[in-house]
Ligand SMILES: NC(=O)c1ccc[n+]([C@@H]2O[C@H](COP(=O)([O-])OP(=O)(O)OC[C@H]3O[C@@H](n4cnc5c(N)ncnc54)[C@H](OP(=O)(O)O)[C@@H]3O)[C@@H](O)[C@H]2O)c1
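Quick setup: one chain, the form predicted on its own, written in structure tokens, and binding and motion questions come after.
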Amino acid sequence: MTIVVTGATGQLGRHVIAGLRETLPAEQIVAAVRSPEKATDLGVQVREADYDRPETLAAAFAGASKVLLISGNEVGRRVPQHQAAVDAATQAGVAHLVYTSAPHADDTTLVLAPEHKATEEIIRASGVPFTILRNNWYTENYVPNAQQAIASGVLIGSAGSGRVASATRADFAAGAVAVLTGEGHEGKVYELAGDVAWTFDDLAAEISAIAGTEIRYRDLTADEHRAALVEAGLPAETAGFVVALDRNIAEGTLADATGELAALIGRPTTPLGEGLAAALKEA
């Protein structure tokens, strides 16, 4: 058996490689990456795989029994990139394709969902046996928010009382490893999330505990939030994305604490405060 992991030098990919190495011989694991020189520390086979150069994907997937397609990070370009990867997996005769998608990708207003929905449709149309891992938000994504809050004494946002069922990248990676090394996952779609859906008031409380000083959440209007982010130095496009995401959170798009991730990995997911504290130490 050979398992190929795309995006293996990314933050999620590295966790997946580490998890696979705990279970499988290194020679059965392939790190498929755009820049092979950045993967020399992974301790597994390394192959070049550039989503924008399909010929590299064909070589990277050669002989693979399973492929974990970690979604690309170039928003707006992911559909053709993922199409190329799925085509390469089909041509290579991959027996099981696993894809990291977004929560309820086929039926949600989440700003990030359309490209994931399109990719899921491509995968289904390919005929390759698949598993879809619809990952909720990563706890580590809130490190910049926490740093800003600790520096200013206030956590800002426009998510209202909306909730986020986040988990750590290590939690989601463990879910991917369980699917890649287990049996009976073909044809399934997993809605993966943390065990607890928290509010931004909860997030402020956890940041307060980490910082040792009281930090409160200040809920802003969308326009106020956007203006504050731009004033803090974020590009207008990025600020607009953050505000759109907070609107999604207010609508409940990230609140589904399904319990499926904990069931898949055989343990509770990492609590918000624990995961955030660890991520802040590494930042």
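Note that residue numbering follows the sequence shown and begins at 1. The model shown is predicted, which means the values in this text are computed figures rather than measured ones.
Below, we refer to the form predicted together with this ligand, which is not included among the displayed structures.
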Q: Identify which of Leu272, Leu12, Leu20, Leu264 has a heavy atom within 4.5 Å of this ligand in the model of the complex; exactly one of them does.
A: Leu12
**Q.** Listed residue (Gln91, Gln147, Asn73, Thr109) with a non-hydrogen atom within 4.5 angstroms of this ligand in the model of the complex
**A.** Asn73
Q | Contact stretch among 208-216, 180-188, 138-146, 194-202 - heavy atom within 4.5 Å of this ligand in the model of the complex | A | 138-146
Q: May I ask you to state whether Asp50 is within 4.5 Å of this ligand in the model of the complex, using heavy atom distances?
A: yes
Q: Answer yes if any heavy atom of Thr40 is within 4.5 Å of a heavy atom of this ligand in the model of the complex; otherwise answer no.
A: no
Q) Is there any non-hydrogen atom of Ser35 lying within 4.5 Å of this ligand in the model of the complex? A) yes
Q. If you check in the model of the complex, is His104 within 4.5 Å of this ligand, heavy atoms only?
A. no
